[in-house]
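A single chain, nothing else alongside it, follows as structure tokens in the form predicted alone.
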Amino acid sequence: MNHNPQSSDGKHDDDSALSDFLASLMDYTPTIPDELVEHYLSKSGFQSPDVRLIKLVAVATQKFVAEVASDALMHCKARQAAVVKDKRDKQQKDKRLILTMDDLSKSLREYGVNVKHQEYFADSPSTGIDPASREE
């Protein structure tokens, strides 16, 4: 038998840290409303009367969305930097970043989410123009 007092102390520390974290969730207001989280959880068949669990899912979702958006921004910056290198003779006055579905799709793919978008999405300036009148 293993009578190691450190293992029970470590477990107690983990339990108290988890309890403290769950208690702190009650004071936190996540970006994603609790009602929205409850709706999608119930739609997927999950029911819980514990508000702390709902807030925990909201915080995890908020973190996921923030990471995806940050990664998509990195893809966008890399794409636009490549375009600027290709067009060195043109001076680019407009420094705005334009996030496309391709940027978002690449970011989501890193997290195992495959997104396929329809052809009618406006990812290029020629989208929506009659194919016969396009200058390609």
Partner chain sequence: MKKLFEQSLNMNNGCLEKRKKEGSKSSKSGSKSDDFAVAIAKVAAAQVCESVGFQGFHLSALETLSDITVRYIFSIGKSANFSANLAGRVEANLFDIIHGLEELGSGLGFAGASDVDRCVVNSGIVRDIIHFVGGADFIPFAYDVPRFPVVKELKEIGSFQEKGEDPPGEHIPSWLPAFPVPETYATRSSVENEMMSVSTGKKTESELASVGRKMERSLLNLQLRFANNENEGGSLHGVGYSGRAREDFEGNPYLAAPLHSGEKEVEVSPVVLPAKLSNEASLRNPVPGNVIVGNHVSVLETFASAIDAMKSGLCDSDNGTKKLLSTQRPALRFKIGIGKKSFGTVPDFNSQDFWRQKQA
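Numbering follows the first chain given and starts at 1. None of these values were measured; they are calculated from a predicted model.
One more form of this protein, predicted in complex with the partner chain, exists but is not displayed; see below.
Although the partner is absent here, residue 69 lies within 4.5 Å of the partner chain in the predicted bound form, judged by heavy atoms.
The closest heavy atom approach of residue 97 to the partner chain in the predicted bound form falls within 4.5 Å. A residue is said to contact a partner when one of its heavy atoms sits within 4.5 Å of a partner heavy atom; residue 60 meets this definition for the partner chain in the predicted bound form. At a distance threshold of 4.5 angstroms between non-hydrogen atoms, residue 53 is in contact with the partner chain in the predicted bound form. Within 4.5 angstroms of the partner chain in the predicted bound form, the stretch 37-73 places a non-hydrogen atom from each of 37, 38, 39, 40, 41, 43, 44, 45, 46, 47, 48, 49, 53, 56, 57, 59, 60, 61, 62, 63, 64, 65, 66, 68, 69, 70, 72, 73, taken in sequence order.
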